[in-house]
Every structure is written in structure tokens, then in C-alpha cells.
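We begin with a single chain expressed as C-alpha cells, specifically the form predicted on its own.
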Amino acid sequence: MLGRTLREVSAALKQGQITPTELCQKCLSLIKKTKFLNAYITVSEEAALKQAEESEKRYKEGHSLGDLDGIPIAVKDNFSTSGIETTCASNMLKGYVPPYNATVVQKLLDQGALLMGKTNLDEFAMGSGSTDGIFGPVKNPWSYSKQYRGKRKQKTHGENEDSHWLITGGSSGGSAAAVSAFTCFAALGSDTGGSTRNPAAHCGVVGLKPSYGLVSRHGLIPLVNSMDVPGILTRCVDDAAIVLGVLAGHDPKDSTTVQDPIKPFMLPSLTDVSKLCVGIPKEYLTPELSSEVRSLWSKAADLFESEGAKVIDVSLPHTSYSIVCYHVLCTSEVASNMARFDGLEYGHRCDVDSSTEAMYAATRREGFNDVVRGRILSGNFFLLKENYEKYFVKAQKVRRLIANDFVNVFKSGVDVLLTPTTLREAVPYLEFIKEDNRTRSAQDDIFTQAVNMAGLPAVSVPAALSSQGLPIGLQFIGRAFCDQQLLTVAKWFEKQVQFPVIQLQELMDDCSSIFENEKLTSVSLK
């Protein structure tokens, strides 16, 4: 049951094949078994079981609230959850219990979803590995998969297996791992420069970043207000569309959300792609791109072409400036947003009481890690009176040029862009930490952050396994507010490639029934 899609489980609940309480207990026991992955910071067992009980009553009375009623979900720990600790994986918010729910969390609960817990992340969502939070790094479930271990055994004999575990990507690594390891059916992440799509690609799940303004940010603890978007992680494209249908729409508490009423997202099954025009941005063919990802990307383009779609090379001429531009704007907004953590109203407060200034300084020194402090320092530098025009204002102008690059490409008749999501598949933790967070983020966000600056929808879809037996994801980018069209194309692609199910038998011997009804089809892109 746990290996099924959200839609299938929803149907099973409606038919009474399983009750919400049974489903909830199955997920809770799996969360306990996979505790070593460190995907969850807080497991809200009591709350989830209570929600399951209420859901069960509704099903008995034949009043189910919809597709999400009784479905276990997880939420990244930078979304406010009423009565449940929300830490952002930082000492600064350790012990902070919000008095309200983020709008997206409330919308899920209103639909009867069961909140299993809060997932791990990089501190304040700054990072691309989910390695820099105070609760320790998240381990990628694929490190323990039959596919990866089988390939490793051929190469290494007698090495310590446990030191070779892989990162999940970040910063929503906990959410990606939770979905990938079958402990929930969907999870919320956040996406500022790729934080939902990057871990989705590394964990072999679907990661959707909706159009900016389609989904409310109220209650998402802000990193970069002009780029943050709640993200959705699921095991298939259809499931992401179901969740988006629930979350999308205007929120009076977030003035950046769209005013227009949103129609429900039903994804038509695309049978004919011959009217489709797919753009391949030539600037994304960077020397750092691994040869495997490059060849998979070109095979995916060939797949569209062979089915009659028009595939053309397009140019996004300002791509080379985007990572620098993103860095200036991101750190500047971070510096401004982090000013609220001063030790006075909520969160951590140090014991220094010689003066208010000393208390501020010591609180922030103790509360933030090096990465966050570093970004605050950079941002404050760019915002200095003498630097403001030179850096911040200039970066905003460049951001406009980057957004216009996309506008021009879509105006030329392109429907979606097809790009890699990441440079390569997931790397072992010990290799990942050889470089500092900022260098890593700059490299890892290369294909993802421009989309945030332009406010466009994008989705990472698992495409195939690498020669090491690890997932590689490809990214589709759509026109602003054409999220449904984007997901329809992604769904067609997903159906063509038949990405294999992660095999975690050894990890969960006594949960082997999860995998009994799984189809393991060959990957057609290989």
C-alpha cells in the first residue's frame, strides 16, 4: 500500500481496502525503521493518529473531503505549524512553537491530510545538500537501495559500506527522502533557487516549483521574499498536480498571490506531442555537466523528436550572469529577513546582559551557523550605502534581463524548456563536504536558480538511473502560470521513461509487502 501513488491510495481508502488509521500506523512504523536517514526533525505521531481517527469517521459516514483525506504527508521544518515546533534546523528557533499554521499547511489539513511530521533541511534553507542544519545531515535512501549497492559491490570489496552514504541534495532533503523512502505520499518543500527540484532529482522523486504567486507564502519562514515558493515533492507527476490543485489560489494573507480564481488541476493524458515545441537552452551545456546527464538530456530530446514534437535549440543569453546576480539578490534579502531574529520576541536569546547591543550580537552569534552568518555579512555589504547602486540595483536590472530571456523564448513559440536539474547524480557525503556551502550552492543551483528569478514554474522528473544505479532527474520549465501545461508534458515524459521503483528490501525486510505489487520496467532512455 505504501508504494502506491496518492491517487491509488485515495481510491483504496474510499473503497475501504485500508483505513486511514492503518495507513497512518504503517507510515509511522516505517518512519521509525528509517530513523537513521534523519529525514524528520519532529514526528507528530499523536496529532497524526488523531487526524486519522477523524478521517476514518468521515469515510464511515461517506463524507470524505477529497483525494487527500487520510493521506500521510510531511512538511519541511521552515513552514509554521500550530502547536508543533518549527526550527528551520537552527539553534535560533530551537523550541519555537508557532501559534498558527502556514496557509499551505492549513489547506492540506482542511482537506483531511495527516501531518506525519516536520522534515530536515539546511539551516534556514541555505544550502544544496541538507547537510548544514543543527540536526545533522539527511541520508539519501538510494544509498541503501539494491540498485546502488549492487553496483558498488562489483567495484569495492570489503570497504566500510556505511561511510559511503549519499547526500539527498537540498535544502528540502528531508522532504525528498521522506517521500522516496515511502514514509509519506507527498511532502512540502520550499524552493528559492532550486531547493525542491535539486533533492527531488537526487532522490528519484518529482519536485515541483510552482509559478511565483500561484501558492501562498504566508507562514513559510522567509529566505528571499521575491523568489521563495512552496514546493511539492511526490512520487509521480499526477500526485504533484493533485496537491497543487489544493494549494493554489489567492490568499488574503499574501499580497503576492494571484487574484484570479484557480480551476482544479486535472491533468489530461497527452497522447500526441506533435503540436509541442520543446526548447533546449544551449547555455546550459556547461563543461561541468557530467557526461551521463548530458547524454540522458540529449536522449530525452530525441524521445520528444521521435514522437513528432518540434525540438529546437534556444538561447538564454544572460545565463552566465545569473548565478552572480542571484547571489547578490539572495544574500541582500537574507540580510534583511534575518534582522528579525534579535533575541527579543521569539527564538533563542543569549545570557549576555551588559547592553542591548551586546545581547543582539551574542544571540545572533550563538543562534546562526557560519553559513547563515556569512550570507548576512555578504548581503549587508551589498546593501551598504556606497555599494547599493553598484551591486543591489545593478543585480535587479540584470534579473530583469534574465526574466526577459525566458519571455523572448516563450514568445518565439516554445512551449516548455527541457534542461538538466543537476550537474550529476548524488555524491557521497564525505565528498560533498570537501567544498564549502557557498561554492557548492553556486555550482548546484546553476540550472535551477534562473527560474526563481523569473518566477516561472518548473518540475524535476526522474528520468533514469546512472551507471552507479542512482537517479538522474531532468527539468521542464514552463511559461508563467501555465503550470498545468507544464505538468501535462512532464506526465507524458514520465510515462515514456518508466523510471524504476527504488528497491529498499534489505532496509525494510519486514515491510517487503510494500514492494510486492511494484512494476519494475526497463528504463527506455538508457
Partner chain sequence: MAAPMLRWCCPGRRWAFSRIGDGSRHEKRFPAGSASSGKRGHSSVAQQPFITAQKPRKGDHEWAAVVGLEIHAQIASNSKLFSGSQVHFAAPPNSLVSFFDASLPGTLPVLNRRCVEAAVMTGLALGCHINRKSLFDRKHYFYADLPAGYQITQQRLPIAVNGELAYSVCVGKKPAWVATRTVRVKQIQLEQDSGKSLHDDPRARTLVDLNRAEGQLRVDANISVHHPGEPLGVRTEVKNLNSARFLAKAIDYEIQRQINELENGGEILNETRSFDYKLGCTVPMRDKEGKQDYRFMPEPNLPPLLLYDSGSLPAGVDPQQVINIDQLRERLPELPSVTREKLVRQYGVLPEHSVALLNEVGLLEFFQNVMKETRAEPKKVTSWVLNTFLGFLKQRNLAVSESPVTPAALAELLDLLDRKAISSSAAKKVFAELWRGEGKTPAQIVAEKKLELMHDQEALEQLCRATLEAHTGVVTDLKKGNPRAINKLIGLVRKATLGRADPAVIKEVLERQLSS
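What you are looking at is a predicted structure, and each value in this text was computed from that prediction instead of being measured. Positions refer to the first chain, counted from 1.
The next section is about a form of this same protein that is not shown, the form predicted together with its partner chain.
Trainee: Among 415 to 423, 165 to 173, 95 to 103, 147 to 155, which stretch has residues with heavy atoms no more than 4.5 Å from its partner chain in the predicted complex?
Mentor: Heavy-atom contact with the partner occurs in 95 to 103.
Trainee: Could you spot which one of S298, S226, Q443, N91 gets a heavy atom to within 4.5 Å of its partner chain in the predicted complex?
Mentor: Result of the distance check: S226.
Trainee: Just to be sure I understand the contacts: of R217, H327, K139, K107, which is the one whose heavy atoms reach within 4.5 angstroms of its partner chain in the predicted complex?
Mentor: Exactly one residue meets the criterion: R217.
Trainee: Mind checking whether each of T87, F135 and E431 has a heavy atom within 4.5 Å of its partner chain in the predicted complex?
Mentor: No residue of the spot touches its partner chain in the predicted complex.
Trainee: Is P222 close to its partner chain in the predicted complex, meaning a heavy atom pair under 4.5 Å apart or at it?
Mentor: Yes.
Trainee: Look up in the predicted complex whether M266 has a non-hydrogen atom within 4.5 angstroms of its partner chain, and give yes or no.
Mentor: Taking the distances in the predicted complex, the answer for M266 is no, it never comes within 4.5 Å of its partner chain.
Trainee: Can Q259 be called a contact residue for its partner chain in the predicted complex at 4.5 Å between heavy atoms?
Mentor: Because a heavy atom of Q259 falls inside 4.5 Å of its partner chain in the predicted complex, the answer is yes.
Trainee: Please check if Y360 has a heavy atom lying within 4.5 Å of any heavy atom of its partner chain in the predicted complex.
Mentor: Answer yes; at least one heavy atom of Y360 falls within 4.5 Å of its partner chain in the predicted complex.
Trainee: If you look in the predicted complex, which residues in 379 to 406 sit within 4.5 Å of its partner chain (heavy atoms)?
Mentor: If the 4.5 Å heavy-atom criterion is applied to its partner chain in the predicted complex, 379 to 406 yields N380, L383, L384, K385, Y388, F392, Q396.
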